[in-house]
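Before any questions on how it binds or moves, here is one chain, the form predicted on its own, in structure tokens.
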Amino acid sequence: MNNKERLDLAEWAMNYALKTGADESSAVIYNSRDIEIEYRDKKLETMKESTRNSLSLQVYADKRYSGHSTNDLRKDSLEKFIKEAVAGTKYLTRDEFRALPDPKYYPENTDTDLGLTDPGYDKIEASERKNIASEIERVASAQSDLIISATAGYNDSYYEFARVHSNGFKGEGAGTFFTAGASVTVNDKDGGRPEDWYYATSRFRNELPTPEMLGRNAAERALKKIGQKKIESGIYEMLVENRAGSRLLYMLAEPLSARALQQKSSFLDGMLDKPIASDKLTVIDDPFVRGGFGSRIFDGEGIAAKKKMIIEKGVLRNYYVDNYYGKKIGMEPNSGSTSNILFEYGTKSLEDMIKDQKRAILVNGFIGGNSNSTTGDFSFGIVGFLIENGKIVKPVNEMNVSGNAKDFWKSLAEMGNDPYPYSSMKIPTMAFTGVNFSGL
């Protein structure tokens, strides 16, 4: 089935929902192909391929709403499926805010190419996928006799979809992803089994780092953890490595949503155009980054993508407002989900920021923990390194950081110049002052 056929089927399903009693409807036909290779101990352990086709149907009937999905795309099966979906919707409670977005929020042009698809995807052969994974595993395993296990992986995926709404929206999309890397476990003579990983993701196959780089980095990160121990509790300066920083940013994600505002579960309620962080924090949501992992012309509700300032030098400028909750709280919808998250970057690398520290903890991973979107309280387990006089002196683990997000983000002292390249969240290394660590 090509995308033209998907679009035709989506329109048929949407119209059949209207024919059987829906007032409004939207339908998405989605197709994806995912391939996974895993190598461990010089053996090919996993080779999986999955192809999925699905229909996602939203039904609006007499101010009632329901969502349904199926993988059986035969029209005779879909007729029964859609009839039951529409009939079932009428048992739900009426909700005056349930309706498709106003067409004025839909994009005028959905044809812009954001460079999300590798044109060479179909030419990649199974032998190439296997060779990438085996070479990463070989390189990682060869770095030290202390390595107990190295597991290398390679994944690629291709997806296409077509979306239609009964009040006029029609759009299509496609893209590719490639991921490769390794996880490594090493032997610590004191009885521990430190482990770490290094994976990279790209939209284009030729943008993946070399197997040599991926395998070596995974092994080196794990080897550096040998001897890791808990250290004394206290107030420390804190550096957060770029790849770990997303755990902290997610503390803001739920409180920034219109859903949290409507349900009175956001500590950021009433803070629009007020300072919520230090002036070092500027957060921009940009859906138009070419080849970006979160790039899009429209979101999952068909609402036109727009670049927007979320936090400007510490001042909150926008919430994430979806169609439904936007109506409930009287705010214009601007998309309820993130796209590419960019920041105002500093001038220093991680290495330079380490040199600036007299005594600090470099956090390069978070282990468990939670944050409360209503109060802002948080507590996370961490692993990382102790820094003294500008140098890393030993690895640490089993420590906890805790505090309240309302105070914590005001302690942000510096942003690095090293945005993490393998995520839609291009977060750099961050430096915080006066963070409460719990250890011995």
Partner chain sequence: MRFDTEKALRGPSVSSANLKEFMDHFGVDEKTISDVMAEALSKGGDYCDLYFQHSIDNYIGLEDKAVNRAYTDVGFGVGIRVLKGDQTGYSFTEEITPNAMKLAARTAANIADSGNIVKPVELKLKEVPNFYPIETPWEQVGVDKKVPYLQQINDKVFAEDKRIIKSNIWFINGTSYVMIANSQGKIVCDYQPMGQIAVNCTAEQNGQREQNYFDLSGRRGIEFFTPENIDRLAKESVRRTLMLFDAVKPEAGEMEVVLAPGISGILLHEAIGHGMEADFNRKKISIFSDKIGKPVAENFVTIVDDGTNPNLRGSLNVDDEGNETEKTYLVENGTLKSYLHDIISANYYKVKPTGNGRRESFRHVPQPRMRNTYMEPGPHKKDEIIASVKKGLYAEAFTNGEVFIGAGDFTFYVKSGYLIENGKITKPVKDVNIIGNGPQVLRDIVMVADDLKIGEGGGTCGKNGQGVPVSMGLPTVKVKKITVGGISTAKS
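Numbering follows the first chain given and starts at 1. Since we're looking at a predicted model, the values are computed, not measured.
The form predicted in complex with its partner chain exists for this protein as well; it is not shown, and the discussion that follows is about that form.
Task: Glu24, Asn167 and Lys348 all contacting its partner chain in the predicted bound form, non-hydrogen atom within 4.5 Å - done: Heavy-atom distance to its partner chain in the predicted bound form: none of the three under 4.5 Å.
- [ ] Note which of Gly227, Gly115, Gly88, Gly294 lies within 4.5 Å of its partner chain in the predicted bound form, where distance is taken over heavy atoms; exactly one does.
- [x] Residue within 4.5 Å of the partner: Gly88.
Task: Contacting member of Phe161, Phe81, Phe343, Tyr105, with respect to its partner chain in the predicted bound form [4.5 Å, heavy atom] - done: The residue in contact is Phe81.
Open item on the list: Just checking whether Asp286 would be counted as a contact of its partner chain in the predicted bound form - the rule being heavy atoms within 4.5 angstroms.
Closed with: Asp286 lies outside the contact set for its partner chain.
Open item on the list: I'd like to check something about Glu241: if you look in the predicted bound form, is any of its heavy atoms closer than or equal to 4.5 Å to a heavy atom of its partner chain?
Closed with: Glu241: no contact with its partner chain in the predicted bound form.
Task: Contact flag, Lys43 vs its partner chain in the predicted bound form, heavy atom cut 4.5 Å - done: Lys43: yes, in contact with its partner chain in the predicted bound form.
Open item on the list: So in the predicted bound form, is its partner chain close enough to Asp62 to count as touching (4.5 Å, heavy atoms)?
Closed with: Asp62 lies outside the contact set for its partner chain.
Task: Which of 203-211, 227-235, 106-114, 309-317 sits within 4.5 Å of its partner chain in the predicted bound form, heavy atom basis - done: Of the stretches listed, the one contacting the partner is 227-235.
Task: in the predicted bound form, residues of 45-82 near its partner chain [heavy atom within 4.5 Å] - done: Residues within 4.5 Å: Glu45, Thr46, Met47, Lys48, Glu49, Ser50, Thr51, Arg52, Asn53, Tyr65, Ser66, Gly67, His68, Ser69, Thr70, Asn71, Asp72, Arg74, Lys80, Phe81.
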